[in-house]
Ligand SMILES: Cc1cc2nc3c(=O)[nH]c(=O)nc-3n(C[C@H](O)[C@H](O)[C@H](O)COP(=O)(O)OP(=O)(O)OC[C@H]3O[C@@H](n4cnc5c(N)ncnc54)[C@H](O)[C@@H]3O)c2cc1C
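The data below hold one chain only, encoded as structure tokens and taken in the form predicted on its own.
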């Protein structure tokens, strides 16, 4: 009987399990996770920090989910080495071998810049349930919480802390929030929304380190400015987790290099999700994880049966309680692109469409899901919008 090993138990890993079982009800599946909890979506950690979910409610798939799909889940079992020659893997508890194919779906890890004093007490990162528990405990005794980083994680964490009665401030070294997803105008609308929620933001603050002795008491900037606080969370982005692949002599660049079949440089070993890089592309978003996992799973069952054609990068989420969709091309400087923008500061909405050759190739919808759906439809259907530009954001 065929045997598949999956390293990683996040969105890509669990997505691969589902797809494999659709195609083959008999193949053996072993899943290895370095965490002690079964699968939970990372956004659920914000709900826990904000007090709207318990630890038990964070978990999306309990042990019974794996049992129902006849998948063997190995918790607290990090994989330390992969042998590409015999498709075996090593863990602290022993060597697992005999696999017909392996999938590496180990995701990403928090990127922590070399801040001075990052090792001090009261400095945290958020990656796992255990990290979230530690932050919740620290918030209870804090007067002011500093979030270093103005991306999705930083904003969501600040809002969650505010919901528990905290006094968070977000500091970021750039001139806008969510610099990947938003342009300057959309960032201004989001900042106004956060102001109404009494979540403070400080742009252009380039953090160099943490003040205080053994206990961090604040953060300092390149300009010598200091923001004082009792709790610091570093949320400065993520990087592809490539250490296992590198130590196993697989080809690595920004991520684990894969071909159109999601196969790595070693035959029979695949990669998917945040750790995978295809054609120079890498995205730390859920659509990327699900799409690459599906392709990998199909080719592990029948190699050559599925080719990956890429995705249109898209984020659809709630940021600080406001609906946000950012899709496709958002930041442009070339005159080849036309940009149509509509802002309503009173309503707290911001819409942007990026157009090339009368086709919408990207956009932002902040504050209205229906406008977001319209933009997504125009992009996917490659609709000629030459006659509808004045009413592009109107809804029927």
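Residue numbers count along the first chain shown, from 1. This structure is a prediction, so every number in the text was calculated from the model and none was measured.
The same protein also exists as the form predicted together with this ligand; that form is not shown, yet it is the one meant from here on.
Partner contact region in the predicted complex: 45-53, out of 45-53, 357-365, 64-72, 337-345, criterion any non-hydrogen atom within 4.5 Å of this ligand. This chain is drawn without this ligand; in the predicted complex, the residue among 291, 77, 240, 306 with a heavy atom within 4.5 Å of it is 77.
286 is the sole member of 199, 286, 319, 250 with a non-hydrogen atom within 4.5 Å of this ligand in the predicted complex. Contact between residue 12 and this ligand in the predicted complex is found at the 4.5 Å heavy atom cutoff. For the chain shown alone, residue 30 is not a contact residue for this ligand in the predicted complex, no non-hydrogen atom being within 4.5 angstroms. In the predicted complex, this ligand stays beyond 4.5 Å of every heavy atom belonging to residue 117. By the criterion of a heavy atom within 4.5 Å, residue 145 is excluded from the residues contacting this ligand in the predicted complex.
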